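Below you will find one chain, with nothing else, as structure tokens; this is the form predicted alone, and questions on how it binds or moves follow later.
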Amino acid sequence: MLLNLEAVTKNFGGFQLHPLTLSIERGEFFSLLGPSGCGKTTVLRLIGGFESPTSGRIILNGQDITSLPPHRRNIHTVFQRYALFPHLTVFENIAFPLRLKKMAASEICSRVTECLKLVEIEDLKDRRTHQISGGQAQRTALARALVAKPDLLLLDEPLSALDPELRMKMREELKTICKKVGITFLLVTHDQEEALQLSDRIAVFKAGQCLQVGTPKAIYEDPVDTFVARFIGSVNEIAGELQGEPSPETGELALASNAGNFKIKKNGHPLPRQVSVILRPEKMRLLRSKSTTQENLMEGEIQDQTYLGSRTEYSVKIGNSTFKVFEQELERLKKRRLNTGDRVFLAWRSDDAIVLPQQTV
């Protein structure tokens, strides 16, 4: 294990980071995900040495670094605004941490050239920072962080300033670089899609507390509570009450709700009577006519639709609730065109429901 946080806390200015115990493996791409003010940047600053914990220990490569200053930890940070030196060329920006270490000129040249090639900006080495684009500046900052061969690379929302197309490209490149160089990457982000695409594992934070750690698939398909479910992607939610005991043959439970009566699968966790059923939009089917073969069916009205290229997103009004459902474009083209006000049916499989205790916030 590369990094261990042992019951780390931080109290300041009315904010409290609850005791955090976390382990990150060598070579892993790990993300801290959560809304603004949840504590993820505080965790990053504690690991980097820019803040001191109130209690707990931070262990890197088996060494307690809790009290070490930033420059004595083999950890580098790519900041949101990159913090490049405008008076230096791209080459010299990347070389800067090596010159501080008084490395030989030949070693500096070799390492910088290697990093320039890695991030594909060899032809920009003699330019100053005002002569390069935002994406090129991001690559320069990344190369500067990698050139010193840190044990751990901290990424503080490094893609947030880029336009959407470039951000998508840089996501792919970051994941590739992480695997190529074998350095552990720790990303702070509030972008759920970014965390899902990049991460080997994700830690989801809320109000100074780590709620869940897991793979993107586990976080998305098996969230521990409704906050994680809502935060990690689009959801439809049905609040209801469980009726009776699970079926001995199928393990299914009966659910009574304002949206109708449904069958859901017992998920192995103890559940109260009052539950929330979470349904991802892509797990629901949009039907033009009523079906007698679907196990869970709801009737509603098309309220709105948005064309998104590869799919169309529909908003369907059912009672006092609005449900989102996606229909892939190839599938939609084979069916009758829908308009606002049309009556439709939504269907879902009991296996696709995420059943959790109800939460009011």
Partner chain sequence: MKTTQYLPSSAWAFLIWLITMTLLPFTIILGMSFLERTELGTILFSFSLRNYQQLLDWVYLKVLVKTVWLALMATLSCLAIGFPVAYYLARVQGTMKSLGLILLFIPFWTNFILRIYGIVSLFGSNGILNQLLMFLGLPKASILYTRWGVYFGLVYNYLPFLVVPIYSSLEKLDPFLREAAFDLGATRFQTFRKVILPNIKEGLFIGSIFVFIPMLGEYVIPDLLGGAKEAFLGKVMVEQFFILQDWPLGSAIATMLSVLLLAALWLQNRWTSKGLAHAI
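Positions refer to the first chain, counted from 1. Since the model is a prediction, treat every value here as computed from it, not as a measurement.
The discussion below concerns the form predicted together with the partner chain, not included here.
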Non-hydrogen atom within 4.5 angstroms of the partner chain in the predicted bound form for each of Phe85, Leu100 and Arg144: yes
Close approach of Ile75 to the partner chain in the predicted bound form, 4.5 Å, heavy atom: yes
Phe96: touches the partner chain in the predicted bound form, heavy atom cutoff 4.5 angstroms: yes
Proximity of Arg45 to the partner chain in the predicted bound form, heavy atoms at 4.5 Å: yes
Touches the partner chain in the predicted bound form: His71 (any heavy atom, 4.5 Å): yes
Options 180-188, 216-224, 106-114, 75-83; stretch whose heavy atom lies within 4.5 Å of the partner chain in the predicted bound form: 75-83
